[in-house]
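Heads up, the chain below is alone and in the form predicted on its own; it's given as structure tokens.
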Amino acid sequence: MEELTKVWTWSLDVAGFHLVFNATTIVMTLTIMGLLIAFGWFATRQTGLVPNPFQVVAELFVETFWNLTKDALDEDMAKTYFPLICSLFMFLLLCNWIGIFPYMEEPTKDLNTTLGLGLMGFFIAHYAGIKTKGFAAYAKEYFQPVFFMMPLNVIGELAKVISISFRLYGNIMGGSIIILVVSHLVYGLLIPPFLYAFFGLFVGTVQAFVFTMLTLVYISVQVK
């Protein structure tokens, strides 16, 4: 069971600080980025009325998330934030799926990944709110419905980052632990493949979609 605590790390000393990086997360993240770049290249290499399989999948993602983004925001704003929403879902989907392959681990099993993505969505949403409403109108909302509610409103916004990040991390990490424990109990026979299919494909897809939609909702709330 030592796989639960065994972490491949890189250490670096910079200006008197000892930095430790999760090497597995970095390598897996770069691998997924490379796969997405390759997918984009194959999907757009020879576009036509008779699409290749990569183009079919790409068009499915584009059409689905364009409609979702346009429904949540107006069409002009959707043109700005649709690339973020679509690419975020595709990235998270591969992050959650990659663990079903031998010797691969999900980057979303590292809280640094999910918290980083949550903070990214937080800052983008609030930037969009300030840009759309102006800083005065944006700041005024924190004093609603009465001025002394401001601290609670701030805490509520920060809690969204914690909620969205820990939900994704908890589901992926929890699934990995269950698969590991069951695999040791039954010596990798029969049950684990079904668990991989459930936690890797089904739960991974659902959690990627939930995280993406919550990010879209946060942006939508800030700009309206």
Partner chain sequence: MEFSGADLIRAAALLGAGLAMGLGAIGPGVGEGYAAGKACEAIGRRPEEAGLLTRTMLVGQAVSESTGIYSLVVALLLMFVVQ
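Numbering follows the first chain given and starts at 1. It should be emphasised that the depicted structure is a prediction, and the values quoted were computed from it without experimental measurement.
What follows is about the form predicted in complex with its partner chain, which we do not show.
Peer 1: Even though its partner chain is not shown here, does it sit in the predicted complex so that L84, C86 and I219 each have a heavy atom within 4.5 Å?
Peer 2: Per the other structure, none of L84, C86 and I219 touch its partner chain.
Peer 1: Could you confirm whether E141 comes within 4.5 Å of its partner chain in the predicted complex, counting heavy atoms only?
Peer 2: No.
Peer 1: Is the gap between A159 and its partner chain in the predicted complex 4.5 Å or less for some heavy atom pair?
Peer 2: Although its partner chain is absent here, A159 would touch it in the predicted complex, with heavy atoms inside 4.5 Å.
Peer 1: Can you work out whether F42 and its partner chain are in contact in the predicted complex, taking contact to mean some heavy atom pair no more than 4.5 Å apart?
Peer 2: Flag for F42 set to no.
Peer 1: I'd like to know if D74 sits close to its partner chain in the predicted complex, meaning any non-hydrogen atom pair within 4.5 angstroms.
Peer 2: Contact with its partner chain, no.
Peer 1: Looking at L201, L19, V210, A23 here, can you tell me which has any non-hydrogen atom within 4.5 angstroms of its partner chain in the predicted complex?
Peer 2: In short, V210.
Peer 1: For the heavy atom contacts within 4.5 Å of its partner chain in the predicted complex, list the residues of 160 to 179 involved, in sequence order.
Peer 2: Residues within 4.5 Å: I162, S163, F166, R167.
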